[in-house]
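Presented below, as structure tokens, is a lone chain in the form predicted on its own.
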């Protein structure tokens, strides 16, 4: 199975303590990622403004082969700022666990569904490709997660991000859940793994085995707390599995 890499070095990777990249640094990294054949570069968060917004605008203007995506909260104003940058894709982060929805935001599930629908409609009405990221999906009620996937798909979204935001997953569980999402909704899946227990690469491989087509990585596995899925380690792990599969055919 072919796997498309979504590199988030410039967004999630930069959240690692002690890392601060300038505009020139980010543009150069984007050019390197493009030369490596990365499918998509998650370039940053335009709503932050300043150098962040400028760097994303410059990356989008390079006309790279890699698609440039911008990360957004469920706010129309955030999405407008991403459109101003000229991003190819609009990524909307949607809280999916009750811990995030109720305890962090003080909202309920109905609010999430309504806000997600509004943001998808706003973005698609302006002819942008939309991806939805289910934040803290690994701690969500799975039936509610399936419900959100179905709603997103019906609204025209073709890819969702399964985010293991606090890094608690293990391969057997993500394999099962990705297979279930694929079989019940047909929506494409992007795996976003964190490395709190050293399982980011293993969980990403398991997600691909289950039917995920996209994997989020960072160079060196950098990212907040213990980091994200390491680009090189994932490529080596998945290539080794693919080669063994070919030998068995």
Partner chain sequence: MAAMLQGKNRYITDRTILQMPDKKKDIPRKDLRDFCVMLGRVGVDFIEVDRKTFEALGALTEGVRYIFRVEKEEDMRMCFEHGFKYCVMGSRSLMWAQMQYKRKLEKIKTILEVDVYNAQKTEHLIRLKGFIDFQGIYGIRMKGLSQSMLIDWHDIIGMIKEYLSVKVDLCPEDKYHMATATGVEGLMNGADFVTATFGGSGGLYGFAALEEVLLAAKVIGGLRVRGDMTLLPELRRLYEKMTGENVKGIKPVVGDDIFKYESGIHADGIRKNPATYEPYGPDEVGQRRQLILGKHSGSNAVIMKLKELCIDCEGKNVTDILKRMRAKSIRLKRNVPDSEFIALCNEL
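Numbering follows the first chain given and starts at 1. Values in this document were obtained by computation on a predicted structure and should not be read as measured data.
The same protein also has a form predicted together with its partner chain, omitted here; what follows describes it.
The contact residue chosen from 104, 118, 147, 126 relative to its partner chain in the predicted bound form is 104, the criterion being a non-hydrogen atom within 4.5 angstroms. With a 4.5 Å cutoff on heavy atoms, residue 86 does not count as touching its partner chain in the predicted bound form; it lies far away. Contact annotation: residue 165 falls within 4.5 Å of its partner chain in the predicted bound form, judged by heavy atom distances. Remark: residue 113 does not count among the residues lining its partner chain in the predicted bound form, judged by a heavy atom distance of 4.5 Å or less. Interface residue remark: residue 40 is not counted as part of the site for its partner chain in the predicted bound form, having no heavy atom within 4.5 Å. With its partner chain omitted here, the record of contacts in the predicted bound form names 219 to 227 of 28 to 36, 185 to 193, 219 to 227, 61 to 69, defined by a heavy atom within 4.5 Å. Residues of 181 to 207 that come within 4.5 Å of its partner chain in the predicted bound form, judged by any heavy atom, are 195, 196, 197, 198, 199, 201, 202, 205, 206 in sequence order.
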